[in-house]
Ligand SMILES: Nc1ncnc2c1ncn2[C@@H]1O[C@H](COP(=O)(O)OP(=O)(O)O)[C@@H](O)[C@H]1O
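Below, in structure tokens: the form predicted on its own, a single chain.
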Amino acid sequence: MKLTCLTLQNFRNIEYEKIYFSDGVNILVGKNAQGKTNILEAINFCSYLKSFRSCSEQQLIMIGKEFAKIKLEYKDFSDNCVIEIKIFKTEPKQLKINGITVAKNRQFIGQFLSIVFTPDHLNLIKEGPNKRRSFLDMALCALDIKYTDALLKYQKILAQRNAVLKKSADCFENSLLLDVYDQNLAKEGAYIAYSRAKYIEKLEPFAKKIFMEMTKTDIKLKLLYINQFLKTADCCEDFETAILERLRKKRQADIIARVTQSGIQKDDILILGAGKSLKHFGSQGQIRCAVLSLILAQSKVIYDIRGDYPVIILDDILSELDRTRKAFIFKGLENTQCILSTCEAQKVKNRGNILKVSKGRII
């Protein structure tokens, strides 16, 4: 997958700009607050319809303007593709794929694939489970529309179940309703849990290899899928049975707490180095390399599943890496298109296609 051209209008601090990209490494160079990250944000937004900065869509619109527009042109299996997004202040956004309007987000997500690594991702291991669940969900939603559907249904059913639990400390009269919710939660949760388990299974060997090459040690990275139901499962049905059994077993406790305390919303990934939790025992260098290994391993999994590499986006991470790690990164990007940003022009000289950014313009 190769990004060829990005056109932005009224996006953040960019009033209008058309940017052309080459194969291989493209480097956005400029001082802070000039618009480098805004360009990367727009590219990644086209993959997930979500900003990696955790902001609302309306914040993407330039101050004083009524809309923002992103047009992204790329090659997918040698075919030329165009996707367009128009974001309004008060109306729903408009989505187009090759000129055809798309009604639902789920039909748009994953058409153009990119993966992003920012300094915030360095907290992937140190922060709570929700960060690691989000890491899984973003990857799987882009690869599997059934996963997206299951996740949306699960979240809706969970909210409905919690609403019933909050109404009364005695939910005897709602026992039949809770039975229905439990069955539906188990069904959707099973697909989510099984998909997460299989994705981690695919991700681990790639992450392990990248980590060993990057650190130049024999320390082995291991990923464990942590859930409340099963250590291993041969099929979705195994998870469905286990989830339903736990929901029924914990119902009285849920009634007292007035909230659902069991489910895939509690899942986590345990990341080990040499058999020890990196969160509690890893050095800063090991944690940094482990996170970067997970991000880069995603591109290998996507290639295995889709037969094409995603565009890799690296936002201002070179300053976080020593010379050896930087050399490894550039070497590892040889078969993919990468777009990265940096303030340090001298350190990326002759490393790729340089695009100088100033005040929202390519100069």
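What you see is a predicted model; the values in this text were computed from it and never measured. Heads up: residue numbers just count along the shown sequence, starting at 1.
The form predicted in complex with the ligand is left out here; the points below concern that form.
| task | Could you confirm whether residue 13 comes within 4.5 Å of the ligand in the predicted complex, counting heavy atoms only? | result | Yes, residue 13 lies within 4.5 Å of the ligand in the predicted complex.
| message | Would you classify residue 32 as touching the ligand in the predicted complex, given a 4.5 Å non-hydrogen atom cut-off? | response | Residue 32 belongs to the contact set for the ligand.
| Given that the partner is absent here, does residue 49 sit within 4.5 Å of the ligand in the predicted complex, heavy atoms only? | Taking the distances in the predicted complex, the answer for residue 49 is no, it never comes within 4.5 Å of the ligand.
| said: Using a 4.5 angstroms cut-off on non-hydrogen atoms, would residue 321 count as touching the ligand in the predicted complex? | reply: Contact check for residue 321: no, nothing within 4.5 Å of the ligand in the predicted complex.
| in the predicted complex, do 160, 164 and 183 all put a heavy atom within 4.5 Å of the ligand? | So, no: the whole triplet misses the ligand.
| message | If contact means a heavy atom within 4.5 Å, which one of 321 to 329, 59 to 67, 303 to 311, 290 to 298 is the stretch that engages the ligand in the predicted complex? | response | One stretch meets the cut-off, namely 59 to 67.
| request: Identify, from the list 336, 37, 26, 44, the residue with a heavy atom within 4.5 Å of the ligand in the predicted complex. | output: Looking at 336, 37, 26, 44 one by one, just 37 meets the 4.5 Å heavy-atom criterion.
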